[in-house]
Structure formats: C-alpha cells, structure tokens
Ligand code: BES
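Next up: just one chain, as structure tokens, the form predicted alone.
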C-alpha cells in the first residue's frame, strides 16, 4: 500500500503474581460482577480498603460495560503504583458470557485510548465468575480491550506517525500458570481482526488488486506459501466468469492463493474471500450514495487473509488454504454488459443479467479452482447481497450450507467469537429464479429472496463438496461504535474463521 504509515501500535505484555510487584502503570483494571464474590483484599492493601468499602456501600456500579474511575494519587495512596483504578462492570455473573465481557472491555479500550493511557495493569482473576469460564472470559476481555483501542487514522496528517506501544501487565496469582497462552492467543486473534479492519478501511485507490497481492506476498514465510496468478494464467484455466468482472477496469485482476499446510498428506479446508476491491456496479451502475462504502466489497478477502496468518501464528494442526480472486467492477467501453454470456471454469454458461451481481461470478470460478485442488471443505465469505441486511438486519450473518455438520461447526464458532450466524434455506422454489432462457444459469434471481438465490448460484458450482456460504454484506461496516466494533470496518468474521479452524483440527 502506498501510504506505509502504521495504523496499529505494538502490544506487549508482562505477567505479575502480585499487585505489590514494583511495576508502575497508568491504571489498574478490576472487573466487578453484581453481588461480587471476589476477594479484593490485595487491592485494599494499597488503597486503604477504598474498593471493598465502596462495594459494600454500593457506590460502585456493576452494570455491564459501565466504567467507574477512582483516582489514587501517590501522595494519598503511598503503596499504589497506579495513578487511577478502572472498575469495569460485568453485570450478573449468572448471565455473563463471552459477548458481555468482550463488550465491557471494549468500552475500557475506547476509554483508555481517549485518555492516552498506554500502560495498564489488569487484575485478571477478577474477570472470572466461574473457574470453567477462565479461558473464554480472559480471552474475551483482552480481545475486547485491544479491539476497543483500534483506530484507523492513517490519512490524518495531524496524527503522529509513530504510536506508543500498548503495554499491559497481567496480575494473576490463581491462574498464573495458564494465563500466558490465553493472553498470547488474544493478541493474535485481536490483531488479525484489526488487520482485516484496516484492509477494509483502506481506500480503493491505494489498495488495488495488485496491492492486495503484494500484501499477501509479504505474509509468505516458512509456514505460509503464497502463489499469485496473473490474468493470462487465469485465462488458461478457463476462469472467464472471474475475468469478465474485471474487464472494465484498468487494474489487472489477480488470483491470490495462500497455503498453510502443517499436515502434508491431508487435503485442506478452503477459506474463499470475495475480493472486489471496488464495486461501482459496472454498467448496472450503483446510485452514488450506495457506492461510498464499496471500497469494502473486499471484506471477505480481508477476513480470510488475516485469518490464515493468525492460524499459522497459532500453529493450529489443520491444513488451510485462503483464496481470493481480486478485481474491480468498473464501467467503461470494455466493461461486461448485461445480457452477455460467459463460460465459467467448470464449463457452465452464465447469462449476465445484472453486472452488479459480480461477486458470485468470481466465487463461481474460485470454488471450482478449490475443488480441482481436492478441497476437503469450502467456506466462502462475501459481502454479497444488500438483501442480507433486509432479511436479518445487522446482528446476524446469513449462512447457507449443504453440510449439516460443517454448518454446526461454523455456528458454534460464531457463538464463541460473537459473530452470530443464522442459517437460511436452500429451497427448491427460489432456486428456479436463477433459471436462464438462453444459458445454463443466470447471475441473478430478482429481488425476491435475493440472499438465497445468490447462495443457490454459488451452490451450483460447489455441488457436493462440503460447503458453507457466509454473506457478510450487512455486517461489513458499522456507522457507530457497537459492542467491540468501532465505527468503520468490523473485520467480521476473522475471529470466527480462526475459531472454526481450531474446532476442525480436533
């Protein structure tokens, strides 16, 4: 990308056994559940018992996501290494879950960055309501905190280029032996989602198909292999559905294929991400207001690229391939026309009824490519239809599948990461809407059941390979701070994909 100014600061951590260890930070963070059962005696020893007294007198709120601030100046609290204490409300311990904890700590992340606090200590054991929730709640708390601190200010000239590192000090006597791996995982998963956010937030004039391929090349290392195919190579493979989308753009299309294969003799699970770097609608031109967010029509590719990097960093024992067919959908004299017919990689003839239904054309050739590589299973992620928001709103990802077991794994992964997936039907009635009078299939089925007919189209090329389609068009962006997503790109469903790989390896 042309502007190399960093959008994320580095995250460092250090473990402590006691609050009294001589490590100074800007603030100490405590979690507070309703009807608190946690023993704050160690905190009382440095604060003249102010915390326990305020809890007893009900002067501290435990409302989920509400943050109370207590100032502890050194002149008064001589034993304290902290200038203030943040008490994060975690609500009712009986109803607390990953999402409520992650949301609460995202509020803390936003507060800390607005107050320019970069060195912060966590009494991590105070976040746990039950021992069985140690891993999930600790992971969720730190993920939320890191994600809440995310900002994309790369193109603001008055922002300092070099950001200070985020330094966290984790105080845990009860769980000291097992907290290290959880914190390290939280850094990897949150960083992956922030990288996906930054790719989606990047303007299309700086993140072209070529630049996304260059970004992917930089991920190549001893664990990840990167292969880039140019247009002429894709043409030889018969990927005319993909290449037809980009023929109106001056930017060359690219096939991006990342491989992580720790198990040498096994087939891979494929993550396929829609990578329309900018979608004008082509000759079926979008209204100008609808075009503004279309730099984010590559949100699927951002999530799968970021996920495979994290999966490799976590050393998960599963073969994963990430595939993105990157192009732009632009209007010009060479652009694809409504009524054109193209021959896809698998030999299917497609009637182009609407050039703004372009993402599914690239996915058609992508799933065929994966199948020819003996894909064990395919999960495609795409900002595919505006109908997804109409059908399910912005709180659920629209999911489709031809494999009940794989779909359940995806839904279960989303329940843990807060990326809710709602399965919709692949019914025989709506499937007929894709029938063409002059070709094997057409690329739209009309307005009715738009999300479902788009999924039917992809399913035509997937056939019997185990497959899940995730339509994230409704979830790609948020117009305001929402839970652990700050205004702008959400990075959904990066962490879901990472957790899915974790589940599938078992």
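For clarity, every value in this text was computed on a predicted model and none was experimentally measured. Positions refer to the first chain, counted from 1.
From this point on, the text means the form predicted together with the ligand, which you will not see here.
- In plain terms, the part of the chain that comes close to the ligand in the model of the complex, with a heavy atom within 4.5 Å, is 293-301 out of 265-273, 395-403, 116-124, 293-301.
- This chain is drawn without the ligand; in the model of the complex, the residue among 259, 354, 167, 409 with a heavy atom within 4.5 Å of it is 354.
- The contact residue chosen from 308, 384, 367, 190 relative to the ligand in the model of the complex is 384, the criterion being a non-hydrogen atom within 4.5 angstroms.
- No member of the trio 8, 149 and 186 reaches the ligand in the model of the complex with any non-hydrogen atom inside 4.5 Å.
- In the model of the complex, residue 419 stays away from the ligand, with no heavy atom inside 4.5 Å.
- Although the partner is absent from this view, residue 47 stays clear of the ligand in the model of the complex, with no non-hydrogen atom inside 4.5 angstroms.
- At a distance threshold of 4.5 angstroms between non-hydrogen atoms, residue 279 is in contact with the ligand in the model of the complex.
- The closest non-hydrogen atom of residue 143 lies beyond 4.5 Å of the ligand in the model of the complex.
- Residues of 465-497 lying near the ligand in the model of the complex, listed in sequence order, are 473, 476, the criterion being any heavy atom within 4.5 Å.
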